[in-house]
Structure formats: C-alpha cells, structure tokens
Ligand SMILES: C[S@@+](CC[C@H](N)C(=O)[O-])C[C@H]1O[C@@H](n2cnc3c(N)ncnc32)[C@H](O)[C@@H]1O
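Take a look at this single chain, the form predicted alone, given in structure tokens.
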Amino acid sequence: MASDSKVRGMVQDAPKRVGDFYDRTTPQFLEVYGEIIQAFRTTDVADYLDYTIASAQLADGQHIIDAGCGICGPAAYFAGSLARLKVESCTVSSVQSELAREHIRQKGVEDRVNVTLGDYHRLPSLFPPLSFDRVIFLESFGHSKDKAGAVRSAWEVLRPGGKLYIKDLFRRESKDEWEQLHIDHICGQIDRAYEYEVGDLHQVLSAIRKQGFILEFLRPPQVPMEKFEHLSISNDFQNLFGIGKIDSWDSYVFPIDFYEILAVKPAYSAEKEQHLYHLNRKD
C-alpha cells in the first residue's frame, strides 16, 4: 500500500507525465486520429463536433475554455462554426501547444482561439477567474488523478450561470465478480498505457455536486448508431503502435462506458439566496 505522501507525489507529478506522454506520442495520434484526438466519434468527425456544440450548449458570444485541448482541432472547429465564440485552450504538452498554434493559424481563427501551455488543475492561474461561460473537457478529464481538483479549478473560472461539460470514459460496473475483475484489469492497462485514470462515475458526480454544481444531465452521447465510428480507429491506434494493444477478443470484456455530463454553476449563492439556489440563471 502506497503511503499518503507517495500518493500525493504521484498526483502532483501526473500532469508532467501526461505532458511527456503526449510530447512522445502526438505524432502517432495525429497519424491515426487526425486533428480530433477522441476515441468516441462519428465516422465523419464533423458530425460529432456539431453534436458537441449542441450538447455543450455552445453559442455565439460565449467565452469558453477547452481544458486539455490537444492541437486545438475541436477549438478551431467551434470557432469556425460560431463566428463570435472565443476559446481559451490549454495543454500540458509543449509539442501539442506548438502544433496547436500552427493549426489555429491555418484555420484562420487566431483572433478568437488561443492556446496556453499549462495544467487544467490550475485554470485560475492561467485565465481570469469568474470570466467564462463554459469549461469543456473532451476526453481529457480522464488524464486527471485529482478529479475533484479539476472540477474545483473549472468552478473558479466559470461565471455564475456558466456550465461544465465533460465527455469521457468511465469504468463499467458489473454484478459478476469475475467480469468486474476483468474490467478493472483492462482499465488498469488503459491507465498505464495512456497516463490515464479511467473515472469512477460515482466519485466524479460526487465531486461535481459537492463543489456546488447543479447536474443538468448525465447520459451516453446521443449519437445515431449509423453514424457511430464503433471505436475501430482506437483499435487501429492500438494495433499500429502497441499502446494498450488487444491481443485477443475471445475473452475480452468491454471495460468502459462513455458518458457526457453537463453541470451548471448556480447563478445564485447557496449561502445567501437558498430559495433561489435551484435556478440556473438570473431573470
């Protein structure tokens, strides 16, 4: 059993390890995934980005943060689709940040998309507090080993009435003990291969609610089955580069569920205006 100090050290070192991982592997990710580094996607990835705009309730005139932005593929797409949207993005990978700047330039959205090299657990030190309409995590939240800290960080930069959107993978649960052991084993392989920590849905929801957010929805992404990419691109990545490779499907147990979460930072203070706390906006 690791000591508390060792665990704290691992948590503190995690962003650097994630950054080092993407500094090494981003070229491979781009070769397989292209500019949108997400496993859950549609065959035409633009369909999923359009879906994300609707699901995260992005709109013209908003100022948002893309936390764990990759090379700003989604951020640039959102800005290209919404002419008055402004996006602050951050990544812990210096390689990704440089590629993101070039991608932003190529897409012609330099005036509305900015990338910062920094840790999303420290958003208030990167961006002005209480200033943003959305903080979004697009399959980046799972890299956190301090998920309550990531939620708190988002809370501190959101203005009252702003929203937190998370789309990620979460550990499946089974009443079958043997199957659960397999799920836990495969999730452990994912964690080690990708510098990840597949989320426990109960713990994440608890962190969101304890922070003070009001849960607007929790659901699987609402993607028509005929458009769903069925994770084949992820298997291509595993097979080509040997990261988390699946050697045999015979005894494979699918270990994760994809969920999207939208939560609202109340427009009213729970301490001062308890009778209005459930309202999501000011009239």
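Residues carry their position along the shown sequence, with the first being 1. These numbers were taken from a predicted model, which means no experiment stands behind them.
Form predicted in complex with this ligand: not shown, discussed below.
- Taking a 4.5 Å heavy atom cutoff to this ligand in the predicted bound form, the contact residue among 36, 214, 218, 253 is 36.
- Here is the short version: of 208, 138, 115, 109, the single residue with a heavy atom within 4.5 Å of this ligand in the predicted bound form is 138.
- In plain terms, the part of the chain that comes close to this ligand in the predicted bound form, with a heavy atom within 4.5 Å, is 85 to 93 out of 198 to 206, 99 to 107, 178 to 186, 85 to 93.
- Although the partner is absent here, residue 266 is not a contact residue: none of its heavy atoms lies within 4.5 angstroms of this ligand in the predicted bound form.
- This ligand in the predicted bound form comes within 4.5 Å of no heavy atom belonging to residue 134.
- Though the partner is left out of this view, residue 65 does not reach within 4.5 Å of this ligand in the predicted bound form, counting heavy atoms only.
- The shortest heavy atom separation between residue 261 and this ligand in the predicted bound form exceeds 4.5 Å.
- Contact residues in stretch 119 to 135 (any heavy atom within 4.5 Å of this ligand, taken in the predicted bound form) are 119, 120, 121.
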